[in-house]
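In the block that follows, a single chain appears as structure tokens, in the form predicted on its own.
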């Protein structure tokens, strides 16, 4: 059941490297290249077969039995999970993600001592890291291995561990097929371009990125606004150590990283931040925590300040039920439990509840800025990978001006 020609992702040896990036041997590179191509094949060649299966076999059988069409994405999932084609596709997709995580993890752990020493030296020299070992991890982080990453973002196996960050950095190029560029920063470049080109009155002096992990999206923003103070926030020391070392290795000086839970940003004064943003972060939190964060974002923003979130689009009435079902795959098969609830929420109402006026709502589409070196990479944003394409839905608000 093939449908369209599969494009070839760029080879992994073109990935952007720096002084704390893990070294890979030929076997490890070959493994990454296989997994990137397998991901692309599942997305572009086999993936469309899910819709054909639904329309020609699964939906007609449901209608014959029930006397009506499926009424929700959940009903579609129930019947598709009984179909042999979808079950095989889904199992392959899950297994490919598990293999990707284990490939990155084994690569990093065999050289972990050297990586830790390099990262420690860089962060001590640059002084761009502030950790709080007493910080309690929220349940939405501690309770699940997000997208099959063993130990999620936070697990530390040795003192000063950076393995979670290093695994994430070297593996995301595989997961996205290089669509976000050599340094996986195409989304951050797009945000920086939006702020510079579309917001002529916007000159941020202080920028905060929440859930920054290793800083993929934050570094291009920091480089675009070199006079701004840029702060990356995350709850995980393991990714922040790597993020700080990575920023130093890539010679980005106006950036620092702090271990904080965004539900309580009381160390940041009221009205002191011009831009607070997240990238594919909200779906990894929870409804209760997200509402607290929104209130904190409103509190710390200056009048006229910008809050912006990159996510996949909400499941409103314009999104067909089948597309909602297929986009929901990550919630039930890739350890992203809040994904499905987040995408059915009215986030404009949540922002209003936090204090943002409805008239200040900002919403637009974002595509990763193409990397000219990755000529074979898919940077069009046209190729869908059920929520993993290098294209996002940006939404947020400007804080009201005083008076």
Partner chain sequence: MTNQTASIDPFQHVNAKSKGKRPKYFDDPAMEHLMSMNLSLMQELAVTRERLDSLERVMEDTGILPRSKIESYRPDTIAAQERALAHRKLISTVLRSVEQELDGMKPRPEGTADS
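Just so it is clear, the structure is predicted and the values come from calculations on it, not from any experiment. Residue numbers count along the first chain shown, from 1.
Another form exists, predicted together with the partner chain; not displayed. Remarks below refer to it.
**Student:** Exactly one residue in 160, 333, 254, 72 has a non-hydrogen atom within 4.5 Å of the partner chain in the predicted complex; which is it?
**Tutor:** Partner contact (heavy atom, 4.5 Å) among the options: 333.
**Student:** Name the residue from 38, 366, 46, 347 that puts a heavy atom within 4.5 Å of the partner chain in the predicted complex.
**Tutor:** Selected option: 38.
**Student:** Against the partner chain in the predicted complex, would residue 113 count as a contact residue? Criterion: heavy atoms within 4.5 Å.
**Tutor:** Yes, residue 113 sits close enough to the partner chain in the predicted complex that at least one of its heavy atoms falls within 4.5 Å.
**Student:** Is residue 143 one of the residues lying within 4.5 Å of the partner chain in the predicted complex, judged by heavy atom distances?
**Tutor:** Residue 143 belongs to the contact set for the partner chain.
**Student:** Heavy atoms within 4.5 Å of the partner chain in the predicted complex: does residue 117 have any?
**Tutor:** Answer no; every heavy atom of residue 117 is more than 4.5 Å from the partner chain in the predicted complex.
**Student:** Even though the partner chain is not shown here, does residue 76 get within 4.5 Å of it in the predicted complex, heavy atoms only?
**Tutor:** Although the partner chain is absent here, residue 76 would stay clear of it in the predicted complex, with no heavy atoms inside 4.5 Å.
**Student:** The partner chain isn't shown here, but in the predicted complex, which of 311 to 319, 135 to 143, 181 to 189, 254 to 262 has heavy atoms within 4.5 Å of it?
**Tutor:** Of the options, only 135 to 143 has residues within 4.5 Å of the partner.
**Student:** For the three residues 91, 94 and 106, verify that every one has a non-hydrogen atom within 4.5 Å of the partner chain in the predicted complex; reply yes or no.
**Tutor:** Yes, the whole trio is in contact, each within 4.5 Å by some heavy atom.
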